[in-house]
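Only one chain is given next, in structure tokens, and it is the form predicted on its own.
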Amino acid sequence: MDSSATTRRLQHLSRHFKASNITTPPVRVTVTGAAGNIGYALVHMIGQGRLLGPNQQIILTLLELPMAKDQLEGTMMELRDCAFPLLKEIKGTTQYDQGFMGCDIAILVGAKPRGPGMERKDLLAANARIFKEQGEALEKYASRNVKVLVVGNPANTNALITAHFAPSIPKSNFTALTRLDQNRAQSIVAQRVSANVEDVRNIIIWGNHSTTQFADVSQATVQQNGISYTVRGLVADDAWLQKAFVEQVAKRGGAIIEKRKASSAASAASAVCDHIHDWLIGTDNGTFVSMGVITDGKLYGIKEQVCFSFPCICKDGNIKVVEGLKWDQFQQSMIDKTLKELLEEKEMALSVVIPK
């Protein structure tokens, strides 16, 4: 491996451990569903410094349902046994007031999963009630500048509901996780063109974290031997990029469940760390990342308020959507499809928590 490639690899490996400029006081981080599969993986990554770097101490609060109290206590025991220096304090609770009190970062992992025979509208209704309560709790107890990441599905609509019920917290502080989809897309492209995954940049996930999402390579590049190539040019197969690739990214979670007989956990937790790290520490120059953000009527002509995944850059804790990208007819059709689903989800969810 040449020295430039080695340098890029080391830079990529160290990006998660970049020192934060927020060293005191400790940051208060709350994780809901902390004893579940994703939460369990996530809280250990947080202890390792994946979230905010190696110099930022954290007061970590694990929030769970009363029925998971034993699993919560076991998770806390393991965290303490790891003796992570960055975890100044570890708390566990089943109460919203204790869980969200003064928190600076809220990672909402816990959600009701889809059960046998459950229709989409039933799942939306059940989670709308859960995230209404969490929004109200954040409004009452959290820091006014709390940064909120919703992971529990349907993540985009759950983020919208949470924000609706926390009106004094800026809407720009609420996000949904689509970084996992971006990471999956980067990995698939890297395998396809025999590149290092860290050299694949600027794949965009548009829209919903669902099977309607659109993994778009129109802006994506691959660095090889110091030269930047377009993904579209290297792959040289538009039919694959517009169909098989998009479907593979969108259905990756289901494929993992089929093989593991369990949902994605470690990869989801890793993507959470990527999302929060880039949000608060900042994105690399020339690189944008996918985040579900709440629209304000000015973004790409989407006038309705939904939580929609866009390409973003982050600096000083602020998210800025990359503007001015053009869509061709195919891209527009994919955007329309995922937006339609989000609007349907919004209507269903709001009808439950805001009865007419």
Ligand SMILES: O=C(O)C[C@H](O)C(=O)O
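This structure is a prediction, so every number in the text was calculated from the model and none was measured. Don't overthink the numbering: it's just position in the shown sequence, from 1.
Beyond what is shown, the protein has a form predicted together with the ligand; the following relates to that form.
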Any non-hydrogen atom of Asn153 within 4.5 angstroms of the ligand in the predicted complex:
yes
Please run the contact check for Ser263 against the ligand in the predicted complex: heavy atoms, 4.5 angstroms, yes or no?
yes
Could you tell me if His209 has a non-hydrogen atom within 4.5 Å of the ligand in the predicted complex?
yes
Non-hydrogen atom contact Gly92 with the ligand in the predicted complex at 4.5 angstroms
no
Here the chain appears without its partner; judged in the predicted complex, the stretch of 79-87, 216-224, 280-288, 253-261 with heavy atoms within 4.5 Å of the ligand is 253-261
Could you work out which of Arg192, Arg232, Lys171, Arg114 is the residue within 4.5 angstroms of the ligand in the predicted complex, going by heavy atoms?
Arg114
Contacting member of Ala137, Ile204, Ala159, Leu180, with respect to the ligand in the predicted complex [4.5 Å, heavy atom]
Leu180
